[in-house]
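This document opens with one chain alone, in structure tokens, the form predicted on its own.
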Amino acid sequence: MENPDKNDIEFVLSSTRSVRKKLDYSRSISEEDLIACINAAVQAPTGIIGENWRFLILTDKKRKSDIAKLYRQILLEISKTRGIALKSSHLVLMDRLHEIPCMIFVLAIGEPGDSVSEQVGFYGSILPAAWSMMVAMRARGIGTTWTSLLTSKSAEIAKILDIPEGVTQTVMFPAAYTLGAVLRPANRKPAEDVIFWNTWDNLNSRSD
């Protein structure tokens, strides 16, 4: 098996951005692409909960509309209570979310425990799969954004989607093929500014 080009891999990883504009709302995402992305997602590392991930793909118009109303409500509540103006990209997605070709909910069978350790182990066994799916979609020209706000309305979401008790909701990906969206690495702090060597706050170069 040939080794993959690390430059290609690193570019896809570093250019996987939230896409809320330049989306094709009129084109359905193919089942082949969705299955391929989920097949990539389930190769993610897992721990305490094993392969308890599940993916609920929502295309039903009425249910999408109900979800979109909750999303709007949550965003407006956050904007009001925190006193912040929503970005134009958030406003666009909020206004058109009901038109999105599909919503993909990443779920986990089971529930996190009360301790930090249990929660880290639980979510650490599901969120890597969600990230892998987002990267896989980016590589196939599918735009999405990491949406976790809906977990604040998990009871309402469960009712809309018939999700049983004992299943934990994590992120939702509103997904559509992109229309000329240019994805590139973001302006982030370099690694040298966020690495500590051996002890906290030691930003000096490594010395073993």
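Just so it is clear, the structure is predicted and the values come from calculations on it, not from any experiment. Numbering starts at 1 and runs along the sequence shown.
One more form of this protein should be noted, the form predicted together with a small molecule, which is absent from this view; the next part is about it.
Novice: Please tell me whether any heavy atom belonging to R17 falls inside 4.5 Å of a heavy atom of the small molecule, as the geometry stands in the model of the complex.
Specialist: Yes, R17 is a contact residue.
Novice: Report whether the minimum heavy atom distance between Q169 and the small molecule in the model of the complex is within 4.5 Å.
Specialist: No, no contact at 4.5 Å.
Novice: Would you please decide whether S154 lies within 4.5 angstroms of the small molecule in the model of the complex, comparing each non-hydrogen atom pair?
Specialist: Output for S154 is no: heavy atoms all beyond 4.5 Å of the small molecule.
Novice: Quick one: does A40 come within 4.5 Å of the small molecule in the model of the complex, counting heavy atoms only?
Specialist: Result no; A40 lies far from the small molecule in the model of the complex.
Novice: If we take heavy atoms and a 4.5 Å cut-off, which stretch out of 57-65, 24-32, 44-52, 139-147 is in contact with the small molecule in the model of the complex?
Specialist: Correct option: 139-147.
Novice: Since the partner isn't included here, can you check whether the small molecule sits close to all of H90, L93 and R188 in the model of the complex (heavy atom within 4.5 Å for each)?
Specialist: All of them do, each having a heavy atom within 4.5 Å of the partner.
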